[in-house]
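Following this are structure 1 and structure 2, which are two forms of one protein chain, each written alone as structure tokens.
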Structure 1
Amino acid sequence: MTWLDQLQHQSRQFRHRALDRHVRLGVTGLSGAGKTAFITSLVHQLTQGDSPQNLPFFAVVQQGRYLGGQLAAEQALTIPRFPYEHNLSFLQQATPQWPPSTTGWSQLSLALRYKAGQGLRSHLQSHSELELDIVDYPGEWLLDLPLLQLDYQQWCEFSWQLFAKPHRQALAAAFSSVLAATDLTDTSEQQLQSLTEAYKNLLLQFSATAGTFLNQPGRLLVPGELAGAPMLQLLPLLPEQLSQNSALGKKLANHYQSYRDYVVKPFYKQHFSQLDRQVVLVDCLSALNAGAAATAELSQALQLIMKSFHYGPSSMLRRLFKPKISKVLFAASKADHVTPEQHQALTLLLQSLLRQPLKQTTYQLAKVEAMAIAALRASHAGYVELQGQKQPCITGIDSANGKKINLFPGDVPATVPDAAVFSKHQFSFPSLQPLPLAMQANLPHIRMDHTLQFLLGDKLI
């Protein structure tokens, strides 16, 4: 794109924004929650799946007013593009695979054409256009927000409390010994680097362990463009080391401060001040599979993320970043891993993990909703006869061995189960491969039409 094209692109965006014809949708979720699958499906539904049979609850389609969606031909050169076509090709193989995982953030723009249903535009224009920017960013980065409210000492205390939890304790023991043997007067580059490396390894081990969601700082795990920056030399000293007012403690506190000022704040400024709508994907079922401590940590992480969307009059977010997100959807992803009559319980479980009444309050300007979805449905729901009774079941392809399975994955608890339930019962919701697609067929989904209606319906009237 030449500078002239870029200028034209920017001025068109500005015009569209001014006319409310531009929506910027953020898609976030912790690693593995289903962001890549969600965006791939969303784009596919809007560009190729727009039939009333496929999207019955998306009003603009149901009313026959949707004229189609197209990927924008141009995108600002400085923004990584979401690899939609590449992802789709994995799903369209003879033996379909899940698209590869990504790190960092990316964006994709779509132009959605529709006939206005009411008002002056419906009489004067042959069609209207809504420009949709979809932004994919790691939920790990959202979990850095709480750092703005903690100083270095408080962060160290918070971290070591977390590392004492049963599913983390054993992994953290070696790093704790390394710190205990560290010379706190030594602030050499070599020492900082080797300690950071040890902490990063610990975070990597945590993140490879099912059910650890709160790994901070997010950029040490997903550095994006900051790989190698000195302020990423960041680690929590043991709380008892902090009272010693050491040179190393001071140096790390400085890095912590820089990280907050130069990474966390700009991230929120750049993303939050521009997003209009937000989807937070949550994989509740994997957390249940991973046990009590994991489920408790997911709940803690979600509540912290939820705080990112509380930006009432007195909130720090509002003062610092002037966000304007007006709708937030919390979506329990991968609902195709359970039988349909469990979806309501899955939605209730998500609400119970959020520990939030999801209605608009005076301090929460965004409209918030929760639902159970599958961006890419990988199972068929049906029934089996068991001792003369009809039992719900799902059929799919087991990720572990590529074989067809037919099972009842179990009941989903509608509230967060207590430790006693976990000690008696091992949840084991399956993991499935994508179903083979006939070429050109719509990507199968669960409630992507409800999702589209909640996120975009009011912009397409």
Structure 2
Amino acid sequence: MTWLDQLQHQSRQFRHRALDRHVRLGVTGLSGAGKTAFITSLVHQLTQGDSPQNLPFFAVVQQGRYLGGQLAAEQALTIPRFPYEHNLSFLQQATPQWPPSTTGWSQLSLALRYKAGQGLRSHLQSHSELELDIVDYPGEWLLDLPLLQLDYQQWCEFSWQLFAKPHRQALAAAFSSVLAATDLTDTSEQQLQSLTEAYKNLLLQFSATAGTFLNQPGRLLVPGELAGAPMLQLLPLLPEQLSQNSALGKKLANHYQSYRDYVVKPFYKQHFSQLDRQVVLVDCLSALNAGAAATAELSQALQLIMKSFHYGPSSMLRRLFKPKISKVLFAASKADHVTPEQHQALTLLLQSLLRQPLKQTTYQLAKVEAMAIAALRASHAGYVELQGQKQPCITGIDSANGKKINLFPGDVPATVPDAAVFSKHQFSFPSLQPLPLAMQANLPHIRMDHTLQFLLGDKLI
């Protein structure tokens, strides 16, 4: 793209924002929360699944005013494109698979056309248009945002407090021994790389362990274009080593500062400071499966992350020069992994996990909604007869063995259970594969129409 093309692209976006015809949507969630599936489904519903039968609670569709959506042809060539078609192909196979996880940031732009339902535009224009930008990035990178509030010493202390938790302690012991035996006067490339590899292996073990959410720095796990960069030689020294004012400690502190200044801050400025609307996806069920410490860590991770965003009501000047997130949808993903009558409890559990962030965003006058959704429904709900009584159940394909299952997954607690409950009860909500799709079928979902109405309904009137 030439400088002239870039200027024209930026000029068009500025004009659309001035006319309130542009929305930048950020899809936020930790690794495994379902961001890729959510964006794929959202794009599909707006471009192919826009029928009243499929989206009954999306007002612009239900009123017959939605003319359709298309992937924008003019997305800047310098912006990585979200691989929508590639992701969709995984779901349309004879044996469907979940799309691969995100490994770098990307964006997808859509042009949505509709007939205005009120005002002068409804009489003077044949159609109106809304430009929608959807931003995606690895969940691992999201966890770096809290580093902006910590210096190197504080991060080391925070990390080792975290590593002392019951579900992390055993894995962290070997790395702790390596650090204890380290020569703090040695800042050679060989030692730095060796220690970094040891710490990266620890993070990989953590990320493979259910219920460990706060793994920092995220770029050690998903480096993207920074693979091999010296500033990724980064690890937390033991708290007792920090007071020694060592050469190695100073070197690592410099790397940490560089990482914050040249990776985390630009990442935030480029991808988050311009957001208008936000979806926060949370996998509550996997945390319950992993136990009390995991559920507490999920709540802690979400609270730390949400402090990094700016919320508040929108206005023309703010949209143009200092946008704030005016609407936030907190979504409990994988609602299809429980029976429908458990969805209310799942929503209440989400609110319990996010009590402080919900208060924060509401206080800042952003519009907030919480709901249980399934961007891509992977089960059918029904009933089985047991001892003469009907019992709710779901039918799906078990991810572990590819076999069909028909079961009641269990009750969802409406609040975060205390440790005593976890000690007596093991939650075991299933992991499901996507269901086969009929030819040209819409992607099945739960409440994606409610989601679209909350996020975009006020822009399509």
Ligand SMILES: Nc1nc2c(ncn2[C@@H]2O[C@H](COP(=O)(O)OP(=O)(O)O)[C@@H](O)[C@H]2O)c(=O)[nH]1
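We call the rigid core the largest set of C-alpha positions that still match within 1.5 Å between the two forms. These figures come from a predicted structure and were not determined experimentally. Please note that residue numbering is based on structure 1, beginning with 1 at the start of its sequence.
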* Asked: Which number goes with the form predicted in complex with the ligand?
  -> 1
* To do: Take the rigid core as the frame of reference and indicate whether the C-alpha of P236 shifts by 2 Å or more between structures 1 and 2.
  => no
* Does the C-alpha of E140 move 2 Å or more between structures 1 and 2 once the rigid core is lined up? -> yes
